[in-house]
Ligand code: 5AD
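First, one chain by itself: the form predicted alone, in structure tokens.
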């Protein structure tokens, strides 16, 4: 839709539309007039920096923010010496909050030098009332605060902040509607994230996400299909379907549709060569989904399936709603259906009450599941979650010693799994010129492993057959099948 709208012909002297997304295009047009006038006054373009903290969903939200800024007339910059700086925040761990507070201190000095500078904060961290209160009291130079549920209102809020002499705050406790028909400035022209749902209903005892992202809301399948078709027409060959728990997609729709059925619809879209998704919750991983993945020629042979702990006792305390036996049974099903599947995971070490026996249960799952890679984390208290007030918090030195043991085991198995692919010829999506060697391209296998191979810039965005000539631990050196080496 947004490709068809000319902001310059929108009458900004009329009342703004009530319906979305038309209302936002009205405010984009209004902001564009301001940016143009200010640029002429200063004799230079206005610049904007979008700084992203956190997960893939935050990165996708930032692409939307950047797209709106581009339509308005800002010139993107990577430096925070910009006329507009927006922090899209994460709050999964409290040190993520502290990073933002530290960065804000630096922005205060920049704003003193450039009093016309605007500073905006959005994302998960802003959904916490205590955070907003602290910013109001200690960081009064911030111009705009909004949360996770009203990202689409960015242009309208930016306009409001421009007309206000004080901080503008717009935080919603829950999502009211899903608005996706807005500009987006993708990081890559050939691949893109696609939100299929928002929020989370799982309430794991260590996790703040359901409190800041809200309850699960699935997008209508027709809207998702339409967006992906548009992306394919624009040259996108790989999509990443995004949600806090994609396996529970569709349960709250008026006409429920399973995630597996949605994948089958997406696979029919011409031009899309690869389909990825994350994140999957083990309790909702269905036989139907495994069957669709097994039959698919487009769904990547890669599944990220967070374990968190191998101890059934700790999993119960985490409120994960599966146990060790259930998880290992899923792994067996997946391996039987897709022997070439790359399985990755998340593991938390040092959860409250974890004993050495509990930790050894985790090590046992790691050895049996043989993950291709794992994101390992030391448990960190997250204020506002049930786990933060649990008894038997594990001393840091004990948790760290266990973490180091786990990391060594994970890395040993991952190296063995990587080495086993040496000599195979597999399809690689070329993503960019290699940062260290301009004669090489850097790309990814379907299992998400990195491959460096000879090539030129005109090959970026296409899928090539590459022989994995040498394994260097967690990446490969390859040669094109057609002989380019």
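On a predicted model such as this, the values are computed, not experimentally measured, just so you know. Residue numbers count along the first chain shown, from 1.
Just so it is clear, the following notes concern the form predicted in complex with ligand 5AD, a form of the same protein that is not shown.
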Go through 414, 84, 207, 161 and name the one with a heavy atom inside 4.5 Å of ligand 5AD in the predicted complex. 207
Only hit among 314, 241, 92, 338 for heavy atom within 4.5 Å of ligand 5AD in the predicted complex is 92
So which stretch, 380 to 388, 252 to 260, 105 to 113, 142 to 150, is the one near ligand 5AD in the predicted complex (non-hydrogen atoms, 4.5 Å)? 380 to 388
Within a 4.5 Å heavy atom cut-off, is residue 346 in contact with ligand 5AD in the predicted complex? yes
Even though the partner isn't displayed, in the predicted complex is residue 88 close enough to ligand 5AD, meaning a heavy atom within 4.5 Å? no
Applying a 4.5 Å heavy atom distance criterion, does residue 362 contact ligand 5AD in the predicted complex? no
Using heavy atoms and a 4.5 Å limit, would one call residue 306 a contact residue for ligand 5AD in the predicted complex? yes
Counting only non-hydrogen atoms and a 4.5 Å cut-off, give the residues of 144 to 168 close to ligand 5AD in the predicted complex. none
